[in-house]
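Just one chain is shown here, as structure tokens, and it is the form predicted on its own.
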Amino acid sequence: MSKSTDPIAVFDSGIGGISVLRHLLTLLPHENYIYLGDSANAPYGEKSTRQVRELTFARVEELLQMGAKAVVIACNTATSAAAADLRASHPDTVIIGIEPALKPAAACRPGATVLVMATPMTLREEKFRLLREKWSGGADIIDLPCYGLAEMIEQGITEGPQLINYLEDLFRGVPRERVSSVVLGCTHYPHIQKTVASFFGPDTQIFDGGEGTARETGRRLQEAGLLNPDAGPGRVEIINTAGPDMADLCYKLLGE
């Protein structure tokens, strides 16, 4: 049986889920956390659904063996590929996924034009198709697969000329003057939010799913009676399958 003082596990294909961990620490500062980034196998977004599912199951099993009371899948690709099956195989465990923040982006203004930046796999999965159908009634939604972007961010490239050149090519053909909101549909992308925003006007809003995921985590833990009652700040342990240098980069990104 899980105890309320056991850690929340946060899992991502690499360093991206640190953006979700930041939201969790803001909303639930008394909780303890284990962050596992699978950078040795990144990027997930350009793998097959079967590969992503197998990798996600293996990493989540490791985290449960480490005593996690809940698992936050802080990766849109892994959520699409494996979250439903994980919940079915672990019905007594709190498992929270993430999804692109289409709802607030589509509702930000009447007739919004929403640009969704995401990995190719996230955009081709049934989960995203259903989400898109649900919120496309009053909005023009543009899907933009970002080949290689998560991999670039994995390499620590979160600003500078190389990133700017990549985004200039990526946004070529996008009607940027009409874009009301940009959805960062991969948890790696909030690490480059300022650079992305610089390509759009001051009225364009940027959305990511991290805050909503943190709120859902708090709600689910409260429902299960698993919120940590301790008053002091919790501890954070970061593990990365690519080794200590990548773990150090995660700590650095968490502190920014």
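Small disclaimer: the values here were computed from a predicted structure and weren't measured. From 1 onward, residues are counted along the sequence shown.
Keep in mind that the form predicted in complex with D-glutamic acid (DGL) is missing from the display, and what follows is about it.
Between 155-163, 102-110, 115-123, 168-176, the stretch whose residues reach within 4.5 angstroms of D-glutamic acid (DGL) in the predicted bound form through a non-hydrogen atom is 115-123. Contact annotation for G37: none of its heavy atoms lies within 4.5 Å of D-glutamic acid (DGL) in the predicted bound form. Interface membership of A150, defined by any non-hydrogen atom within 4.5 Å of D-glutamic acid (DGL) in the predicted bound form, is confirmed. In the predicted bound form, D-glutamic acid (DGL) lies within 4.5 Å of some heavy atom of G45. Of the heavy atoms in V72, none are within 4.5 Å of D-glutamic acid (DGL) in the predicted bound form.
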